[in-house]
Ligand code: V47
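As structure tokens, one chain now follows by itself in the form predicted on its own.
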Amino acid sequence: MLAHILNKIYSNQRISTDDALYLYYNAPLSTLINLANLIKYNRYQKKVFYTQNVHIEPTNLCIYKCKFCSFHKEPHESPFWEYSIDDILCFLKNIPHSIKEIHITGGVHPNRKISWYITLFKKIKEIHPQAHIKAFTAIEIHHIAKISGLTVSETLQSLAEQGLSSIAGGGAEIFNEEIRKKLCPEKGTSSLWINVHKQAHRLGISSNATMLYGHIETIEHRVEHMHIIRSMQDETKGFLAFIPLKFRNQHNFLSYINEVSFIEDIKTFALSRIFFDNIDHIKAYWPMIGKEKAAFLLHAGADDIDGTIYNSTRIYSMSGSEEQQPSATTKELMFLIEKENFIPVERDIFYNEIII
């Protein structure tokens, strides 16, 4: 069986979900790593991508209370924030004009309509016209559309007219409906996430795809999730990158669950690279996994390490990540990549290479 799957991979044939499960349960770790690294090398040789980016998290007020979330806070809890547009602009004025990406996600605010975000986008573009805006999870977009009396498509079009280049991949969690009912019963079914991303892709708005792993799901659920995303990519070709996101167990309703081992992280990333023959990039998001572990994952199929961040995200630091003040200079990112014997390549939001 293993030899048959290896022959598929070496001849650039797509593996099935059964093949993926067999590899996960039966292939030696070294085999998974070598296969993922081979696929990555055939695509990019020794290149590894990074970007100059910053996150904006306008609020951690949220209408949902997902079991895995450490980010949600009520106004009487600490730390709570609800930034105004002026607060955000003041922060951005201190960010270098070399940034290529402004990433905006946060809690699903109960009453901020699209007009608030359109004003925000316009003012951001006045400060950083060179930067692409990647904003909102599918869940946020669906809610903004609902309270603004618009369709999802109308909402996406209006935001794109004001500078939206891409939407974030968060909120996918795990697509299996029984698992979602236990993790995030208020958030809706997986079809909501899928529908928003499909509509974005049809409008020419690209996106990322994520998978939250290491909580109450099984390996079968992970592969099912990946299969749905791969099938979507066959249809729309709109995903830029796949990002496995590790569940961190601090300060949430699932804190009783032990986090999975780094060995399981490696297997999940390697399998992702082997499985996704139609998604170009696998991202090791260092604020989630830690810089040193992200660097190691470059040997297991990941070709993107994300960016500078400038200590602007608290989603993973609040849930127990090793990176409590996530920030990196371009020199630090380049060094992190080079010490693993790869070639650092700066990119923009669309993975266009930037010549320094």
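Treat the numbers as computed from the prediction; the structure is a model and nothing was measured. Residue numbers here begin at 1 and follow the sequence given.
The same protein has a further form, the form predicted together with this ligand, not shown here; the description that follows concerns it.
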Candidate stretches 91 to 99, 116 to 124, 161 to 169, 148 to 156, one within 4.5 Å of this ligand in the predicted complex by heavy atom: 161 to 169
Partner proximity in the predicted complex: Ile315 to this ligand, non-hydrogen atom cutoff 4.5 Å: yes
Distance check, Leu245 to this ligand in the predicted complex, heavy atom within 4.5 Å: yes
This ligand contact in the predicted complex: Cys69, any heavy atom under 4.5 Å: yes
In the predicted complex, Asp265 touching this ligand (heavy atom, 4.5 Å): no
Among the candidates Phe239, Phe276, Tyr285, Phe175, the residue which, in the predicted complex, approaches this ligand to within 4.5 Å (heavy atoms): Tyr285
This ligand in the predicted complex: contacted by all of Thr51, His201 and Thr308, heavy atom 4.5 Å: no
Residues within 4.5 Å of this ligand in the predicted complex, restricted to 28 to 52 and counted by heavy atom: none
